[in-house]
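Read the single chain below, which is given as structure tokens and is the form predicted alone.
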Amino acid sequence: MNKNELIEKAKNHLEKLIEEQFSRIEMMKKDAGWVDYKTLKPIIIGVCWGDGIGRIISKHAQRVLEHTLRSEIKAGMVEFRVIEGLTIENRVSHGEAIPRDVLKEIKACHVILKGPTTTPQEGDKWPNIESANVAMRKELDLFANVRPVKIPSEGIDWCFFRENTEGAYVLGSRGIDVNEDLSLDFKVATTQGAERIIRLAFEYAKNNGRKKVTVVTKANVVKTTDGKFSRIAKKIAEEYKSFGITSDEWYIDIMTAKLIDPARRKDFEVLVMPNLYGDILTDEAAQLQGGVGTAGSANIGKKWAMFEAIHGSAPRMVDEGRDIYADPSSMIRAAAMLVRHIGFPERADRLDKALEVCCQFEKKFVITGRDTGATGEEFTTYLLDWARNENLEKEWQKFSGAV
């Protein structure tokens, strides 16, 4: 092709993407409101085991969930459904990020506990299909990725709100090689998408006694998309001043430094940002907490919600026979977030405190990812022993220095 033909091809490609985004904007404008879990009987929890270590750690998290919600399960108020088709093998055989029959099963549930899934990249043994996570977030409109990180011994209590359906990831598999010399990817920002994630972060601050929301962008360089996010954040921040909530803005590069700066990191409470920056910062924050294997994640939409670990499927651990030593605490933390989301905050708090005792304080069974440490099953039993312990609150306070 000559240059004009290549440009025309790229224009046609971009036109299709813009049409899709206009359709998505219209969908966002038709706001149906939030689901009320109190009206659902039963609440259907789908469990997708995923790939690699996901097949192991998801089962441990399901065990914890079934214990935590045992009375509701017995009363018919909660129902579990195992969805097995989200493996890389099944997805590749269908040539889809989420096969249609699997997506139908997922949409028949109200909330999903999802294990890690493999996302191929160019050069892998697998075809370069889209991320199952990205596809699920788009299909279920799970616009808010919420990731808490808490380190009581250092006074750190952060909650990250990462926009989930726009930014640099939403069209991650839809870039174009114009020719062998030129490749383009696309970043998306809409007024509606930015408004709803930023407002959710400020609402969380208002409802949870937080006094500051930090906005993270690179609006000084990425002036159009990040600029829109920044402008909308400033506008929404004005609405919440009457609630005593302040707001500031940091650029992503210096923000990564300030999270590990002991002199500044205690200043942050609630943080909100576009997709890619949230992915970077929450992994960094999780490492401070004890590693990405310790952190859970909520993907929240108005009709559905999905809860997962923040890390990948670790196929190397499976290949080396180490999957039984994979740390399930990330999935268990996600399970605690699920419990809170569907209306049982006291039980979620109890799980969180049991995790803190097991992972940060007592550390009787330590996960190393190898036979030098505990298996995931041993750790889960240890955690459940603490969750059942009548003295958990008192012991947690002693460990954390609260008394």
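Worth saying up front: this structure is predicted, and the values here are computed from it rather than measured. Heads up: residue numbers just count along the shown sequence, starting at 1.
Missing here is the form predicted in complex with 3-isopropylmalic acid; even so, the following discussion is about that form.
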From the candidate stretches 97-105, 306-314, 79-87, 251-259, select the single one in contact with 3-isopropylmalic acid in the predicted complex, where contact means a heavy atom within 4.5 Å.
306-314
Just checking whether residue 247 would be counted as a contact of 3-isopropylmalic acid in the predicted complex - the rule being heavy atoms within 4.5 angstroms.
no
Does residue 147 reach 3-isopropylmalic acid in the predicted complex if we count a contact as any heavy atom within 4.5 Å?
yes
So in the predicted complex, is 3-isopropylmalic acid close enough to residue 139 to count as touching (4.5 Å, heavy atoms)?
no
Classify residue 194 as contacting or not contacting 3-isopropylmalic acid in the predicted complex by the rule of any non-hydrogen atom within 4.5 angstroms, answering yes or no.
no
Name the single residue among 134, 129, 270, 219 that comes within 4.5 Å of 3-isopropylmalic acid in the predicted complex, judging by heavy atoms.
134
Only one of 169, 325, 158, 202 comes within 4.5 Å of 3-isopropylmalic acid in the predicted complex by heavy atoms, so just point that one out.
169
Is it the case that 66, 294 and 333 all touch 3-isopropylmalic acid in the predicted complex, with a non-hydrogen atom of each within 4.5 angstroms?
no
